[in-house]
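The chain that follows stands alone, in the form predicted on its own, written as structure tokens.
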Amino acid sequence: MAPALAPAGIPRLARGVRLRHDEARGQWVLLAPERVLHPDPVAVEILRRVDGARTIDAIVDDLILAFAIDRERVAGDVDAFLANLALKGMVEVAT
């Protein structure tokens, strides 16, 4: 299990990592050097908000407003998802 991230941390995609919509297949892909991930719709909503300016708390708040869901659950899911990507070197979190 990945360690928890600071709610005030500011995530950004690591150098060379891009979120793109594959028009030919009609799906989102997370591109990294020598890797391609196919994020599910929940992951895409999180990744679309990872802009290097918003804190993790701000991303959680935005998701709550957009989807009217429980804060504790969203915060846990966002933290786990971003921490996992950070372990893989695909996301960097500034504190």
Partner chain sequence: MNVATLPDTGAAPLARPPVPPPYGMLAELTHRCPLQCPYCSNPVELDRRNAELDTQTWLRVFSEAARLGVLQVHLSGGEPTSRRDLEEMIRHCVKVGLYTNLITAGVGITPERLQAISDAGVDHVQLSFQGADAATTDLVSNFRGAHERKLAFAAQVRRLGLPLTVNSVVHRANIHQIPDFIELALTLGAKRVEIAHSQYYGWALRNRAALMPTREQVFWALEIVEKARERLRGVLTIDAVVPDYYAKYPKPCMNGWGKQSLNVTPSGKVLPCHAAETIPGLDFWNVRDHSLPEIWQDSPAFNAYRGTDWMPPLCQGCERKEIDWGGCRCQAMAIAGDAAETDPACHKSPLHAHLLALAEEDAARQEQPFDYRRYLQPDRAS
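Numbering follows the first chain given and starts at 1. All values reported here derive from a predicted model rather than from experimental measurement.
The same protein also has a form predicted together with its partner chain, omitted here; what follows describes it.
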Partner-proximal stretch of 52-60, 25-33, 66-74, 39-47 relative to its partner chain in the model of the complex, 4.5 angstroms, heavy atom: 25-33
Partner proximity in the model of the complex: A80 to its partner chain, non-hydrogen atom cutoff 4.5 Å: no
Those residues of 54-70 which, in the model of the complex, come within 4.5 Å of its partner chain by heavy atom: none
